[in-house]
Structures are given as structure tokens and as C-alpha cells.
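Quick setup: one chain, the form predicted on its own, written in C-alpha cells, and binding and motion questions come after.
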Amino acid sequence: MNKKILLSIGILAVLLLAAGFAPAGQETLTIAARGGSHVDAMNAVKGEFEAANNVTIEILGLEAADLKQKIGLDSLNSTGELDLIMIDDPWMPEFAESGVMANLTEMGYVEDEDFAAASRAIGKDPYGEGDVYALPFSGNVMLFFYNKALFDSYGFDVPTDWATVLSYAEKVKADGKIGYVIRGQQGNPIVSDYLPILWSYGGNVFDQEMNVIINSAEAKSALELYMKLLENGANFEKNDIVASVSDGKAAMSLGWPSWYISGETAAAAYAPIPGKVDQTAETNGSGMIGNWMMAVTANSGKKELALQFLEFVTSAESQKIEASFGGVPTRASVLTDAELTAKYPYFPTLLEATNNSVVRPRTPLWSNVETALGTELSSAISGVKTVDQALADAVAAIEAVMEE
């Protein structure tokens, strides 16, 4: 066989691999993942597992809405296309109830206490105490972000209460800059932005018996504060929030760590979200946890191999590598590793915030609840409704969701 033919065969083999055709006898694991840095992190480590296990790892990076839809549709098949799936924290109750995920405990998985306790709790059904169905892949927990240079120029300390946050915002606004940036778009953005403030006031959407209590005195005070922060700032979408705080055009905001991480440099200073109303108030948990979990599908034809990859990709060794590619660790040993914290000094802050985080209400109907609440919060900040009317209407809308 001449060299030209051999070269053509080699090129064809490379093209086939790139197109997803595995060599004969080689398994393929297919993962549906949230696109972006999560895919980059997995791609950075998957080669070792592929070589050791004679397997090809195919990763489908999707936007959140498309990811959730694909998972739901594939779960209807007797044998699924997907072997592993990434699941946003608030989707967990819905997917647990509908049987989308394999029971990892029944498959022999032993709980790993190196994962932050709050992260482990999300992957269990019932929440926090049942069998394990998913492992924490990405350790997002909402934090307080601020421009350190701007804070230093005013002599501001990191605020631990919301009265101080508002006073800072007023001072910065008086000088012609943006004091505080809210993320007030309808649905998930405004609800995620408002809840940490509500929790700091000691309020919530539901009580322990899942009665709707969003029109409480605490909820009204929190929404009034939210609107005062907007008066001294701006309402931006994610990318503009990141740019404005990073560039010093705005003083502060709330957000997720993965927004601000760029290689080895954090573009903003990090702190836990203030957990009290003012200096004299009681401190409450306020940082919203939003881990991206990863699970083996219940209808995968390769569950054992999929579990092996799940343990590999969430291992301490893998997370240390993934951190350089936008991965957000979920293990205490990684978040406190001396070499990593020298490069990423906010990792201990992330662990502290995770340990004191608050989980969103555990109901399979949360997506619909969030839509209902977000609509009413938006009507309040836009002046269409009063605070009292918006929260009263939110109660009615959420109760209708829960009754359905």
C-alpha cells in the first residue's frame, strides 16, 4: 500500500473520530451539559479517562432551557441517548420525582464527605437525607461582588449588612457612578437577585408546611430595599453587570463566581452576601446555592461506566485541573489547597459561602413558582404595581401553581 493511501486512511480515521464515530469495540458515553466553561473543564480532563477505559466521551454543550428540554425528552426513551446529564440545582426535585436519574446509592456509590456538605445535600432524594442521585460538579454559590479599587477610594470596608450596602450605594450614586447593580429581568434573574436579600431579612417564599408567605413584613421590607438599591444604581443583564463592576463603573452587585472568573484572574473582589438587615439585626443565611449537579441517567445502557466517569470527573485530582479551565470546585480539599488558593484567593470565600448557603425551595414546581414570583417582582420595580399589591398578587399566583 503506497504512502498516499496510508495518509488518506489516517485522515479518514481522524475525521471519523471528530465526527463522533468510535473505533470498533470502543464504548461511547454521551453527556448533556450546560455549555461554556463546564464543557471546557470536562474536556480538559476527559482524555485520561478515555485512554484508561477505551471509551470516547461526547459532550453536548447546551443552553439551560435546551438542556432541560433534551433531558426530559430523552428520559422518555427505553434506552436513552444520554448517559450522563448536568442538572441545575432547582431542577433536582422535578427530575427526582420523574425518575430521570439513576439511584447511585443502589449502584454501590459511597458518599464522599470531601464534597461541601451543602453541595452533597442537593444530590439526595429526599433532599439532604435520602439516597444519592447526583454529585456536585460545579460549585456555584451566589456571592457579593465589588470593585476593590472603587471601595478603597472611598475607604469602604466589606459590608456585612444591607443598611451599609445602601449607604455605600447612595454615596457612589451622588458622585455620578452606579452605586449598585440589580439583575431585575423577569423570571429567574430577578428572583435569584431578590431572594438573598429576603433571606437576610429572615423571610422566605414558603414556610415549613409549604404555605406561601411571600407577602410577609420581611418580604415587603426586602422588596422596598431592593427598589432603593435600584434608585441608586441600575438594572443590567449579566454581561453588563460583570463589565460594570469589573471596570469600576459600578460599585457592587450579587452574582455567581463563574461570571467573574477569567483564567487565573478574578475581575472583581468576592465576599459572602450580607446576612442581616443592619448592624444590630440577627444574622441569617443568605447566599443562594446554585450548584450544577451531574447524574447518570436511569435509562442509560452503560450505567456502571457512566458512574465511573462521574466519580472521575468530580474527583479532587480532576477538580484541581478543571479550575484552570473555568471549573468551580465543590470539594473542601480543593477549595483549601495551598497551591490553588495562591492562584485563586477567593476559593476559601467560596467554601465559606457554600457552608452558609441557602437552597431554593424543594418543590418540583419551582420553575413555575419562579416565573409567577418574578412577574410580580418586576411589576413592583417598574412601578406598575405597589409593593403590597405585587406581593399579594404573587401569593395568589404561586398558590394557583401549587394547586395545579
Partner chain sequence: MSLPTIVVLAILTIFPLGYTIYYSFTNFNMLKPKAIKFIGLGNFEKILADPYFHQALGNTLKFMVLAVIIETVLGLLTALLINSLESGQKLLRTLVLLPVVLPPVTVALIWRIMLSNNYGIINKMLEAFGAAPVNWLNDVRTAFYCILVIDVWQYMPFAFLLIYASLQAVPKSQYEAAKIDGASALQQLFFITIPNIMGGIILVVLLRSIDSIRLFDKVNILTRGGPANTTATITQYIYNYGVGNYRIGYSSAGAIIMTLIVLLISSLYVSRAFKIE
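On a predicted model such as this, the values are computed, not experimentally measured, just so you know. Residue numbers count along the first chain shown, from 1.
Just so you know, the form predicted in complex with the partner chain exists too; it's not on screen, but the next bit is about it.
Visitor: Within a 4.5 Å heavy atom cut-off, is residue 363 in contact with the partner chain in the predicted bound form?
Guide: No.
Visitor: Using a 4.5 Å heavy atom cut-off, state whether residue 94 contacts the partner chain in the predicted bound form.
Guide: Contact check for residue 94: yes, within 4.5 Å of the partner chain in the predicted bound form.
Visitor: Does the partner chain get within 4.5 angstroms of any non-hydrogen atom of residue 112 in the predicted bound form?
Guide: Although the partner chain is absent here, residue 112 would stay clear of it in the predicted bound form, with no heavy atoms inside 4.5 Å.
Visitor: Any of the heavy atoms of residue 26 lying within 4.5 Å of the partner chain in the predicted bound form?
Guide: No, residue 26 stays farther than 4.5 Å from the partner chain in the predicted bound form.
Visitor: Is it the case that 184, 239 and 384 all touch the partner chain in the predicted bound form, with a non-hydrogen atom of each within 4.5 angstroms?
Guide: Checked in the predicted bound form: all three residues contact the partner chain.
Visitor: Can you say which of 126-134, 95-103, 198-206, 313-321 gets within 4.5 Å of the partner chain in the predicted bound form, counting heavy atoms only?
Guide: Looking at the other structure, the answer is 95-103.
Visitor: So the partner chain isn't shown here. In the predicted bound form, which residue out of 42, 351, 358, 372 has a non-hydrogen atom within 4.5 Å of it?
Guide: Here the answer is residue option 372.
Visitor: May I ask you to choose, among 149, 107, 210, 76, the residue with a heavy atom within 4.5 Å of the partner chain in the predicted bound form?
Guide: Only one option qualifies, and that one is 76.
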